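In the block that follows, a single chain appears as structure tokens, in the form predicted on its own.
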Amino acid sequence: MNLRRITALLLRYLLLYRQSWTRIMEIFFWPVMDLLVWGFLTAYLLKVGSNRVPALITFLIGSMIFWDLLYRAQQSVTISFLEDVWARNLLNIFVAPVTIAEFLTATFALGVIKVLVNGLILALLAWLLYSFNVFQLGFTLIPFVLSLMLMGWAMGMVTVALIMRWGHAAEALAWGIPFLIQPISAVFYPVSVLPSWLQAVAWTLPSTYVFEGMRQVLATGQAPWHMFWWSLGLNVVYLVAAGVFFEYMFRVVRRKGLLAKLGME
């Protein structure tokens, strides 16, 4: 891979945000709205009173922040691809000496930047509005966040592959796919709430281990490292599978001429 080409692609995507305040608003608007809704809901629960409500507040706000990090990692890949589709720039990208690996690496780097910016903003707002300190997770925060990013990248590659194959009709998947796995990722509730047959499915997702692990850290102060290693192992499997799927679909759309059609529509 060529570092200069990766840097050039990353710079191109970053410059889009510098020139458009609407793109910047899109990054912050929905996460902040989610934080306000969940935060005020938990504040209401605290007001009506229960011995378990304070713990519930930390679980819900922490889960919301972690979920947004996963979502942003996935969006960094899919929206970067769609930006080139919408700007009729897709063919220019792949006619140039840019490999698939370089393109994906640039979108992954953009995802890291988005996750860092969003995470810091949400952490600051959670602390100012609800006195919730996400950094109470300590250094255990870092590996679990990295695991979420890996899963987001895998979902992003699968989403882009599907959009390449089925064109504009599949663009809604860019926003929809993360929410397909949200109910079974135990984001806002423990896995034990799910039906027994669905629990088995939930434990096949790396995100489930991350959210369950986060709740254990908040409840006990102990890091369940076995959950992190399970999530990391599954992420390696899913990343490899997503990469193979992306490469296969890319060859299919090139052979059928679908990439050129998508880039010109």
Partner chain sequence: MTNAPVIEVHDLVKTFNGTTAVDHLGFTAARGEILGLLGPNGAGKTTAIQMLLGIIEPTSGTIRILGKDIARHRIAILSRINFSSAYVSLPQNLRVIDNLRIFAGIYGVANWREKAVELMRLFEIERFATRKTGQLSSGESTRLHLCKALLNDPELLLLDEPTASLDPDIADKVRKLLRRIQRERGITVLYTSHNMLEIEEICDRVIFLHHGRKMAEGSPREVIARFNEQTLEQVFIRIARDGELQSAEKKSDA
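The structure presented is a predicted model; accordingly, all values stated were derived computationally and were not measured. Take the two forms, superpose them, and find the largest set of C-alpha atoms that agree within 1.5 Å; that set is the rigid core. Numbering follows the first chain given and starts at 1.
Only in words, not in the display: the form predicted together with its partner chain, which the text now covers.
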What I'd like checked is whether L146, Q216 and H226 together line its partner chain in the predicted complex, meaning each has a non-hydrogen atom within 4.5 Å of it. no
Is A8 close to its partner chain in the predicted complex, meaning a heavy atom pair under 4.5 Å apart or at it? yes
Consider S192 of the chain shown here, and say whether it contacts its partner chain in the predicted complex, taking contact as heavy atoms within 4.5 Å. no
Look up in the predicted complex whether V98 has a non-hydrogen atom within 4.5 angstroms of its partner chain, and give yes or no. yes
Can you tell me if I142 lies within 4.5 angstroms of its partner chain in the predicted complex, counting non-hydrogen atoms only? no
What is the one choice in A87, L128, L120, L180 with a heavy atom within 4.5 Å of its partner chain in the predicted complex? A87
Which of 182-190, 90-98, 151-159, 73-81 sits within 4.5 Å of its partner chain in the predicted complex, heavy atom basis: 90-98
Counting only heavy atoms, which residues in 6-33 are within 4.5 Å of its partner chain in the predicted complex? A8, L9, L11, R12, L15, L16, R18, Q19, R23
At a 2 Å cut-off on C-alpha positions, does R23 qualify as shifted between this form and the one not shown after fitting the rigid core? yes
